[in-house]
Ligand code: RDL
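One chain comes next, on its own, written as structure tokens: the form predicted on its own.
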């Protein structure tokens, strides 16, 4: 049985963890899903590592980054930690991040978070369930998470 990890934060303003779980369940109904909620983004690398150590085949991390420069530096540190964890475990961690200053309207920010979470949760399932070539048919298509697709350049 496939096992997925979902890491989310209490800092987030949208419950992206529940969204990711719903999508994973609809895409891979027989899989086991483990949710691990941490206070903020800097806690996500160790949470992802612990889930992988517990047998998860892949993890989605769902972070929310504030507007200050300190928040952006914290995300940079988090991103490096998540990349290192992927390298050390040879497993995918799909990092979904919403930056609070991406859009000015809170409703659009919520829509962005939902769209990005949904699309990346599907990507994680494809990679875990279907293997390393699962996303190859989509290569070069200009797909976006959180925004409308840009499309390919012909």
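Everything numeric in this text was worked out from a predicted model, so none of it was measured. Positions refer to the first chain, counted from 1.
The discussion below concerns the form predicted together with the named molecule, not included here.
Screening 35-43, 22-30, 103-111, 49-57 for residues having heavy atoms within 4.5 Å of the named molecule in the predicted complex returns a single hit, 35-43. Residue contact with the named molecule in the predicted complex: residue 88 places no heavy atom within 4.5 Å of it.
The shortest heavy atom separation between residue 145 and the named molecule in the predicted complex is within 4.5 Å. The closest heavy atom approach of residue 125 to the named molecule in the predicted complex falls outside 4.5 Å. Using a 4.5 Å cutoff between non-hydrogen atoms, residue 118 does not count as a contact of the named molecule in the predicted complex. Residues 93, 94, 95, 97 of 82-97 are found to place at least one heavy atom within 4.5 Å of the named molecule in the predicted complex.
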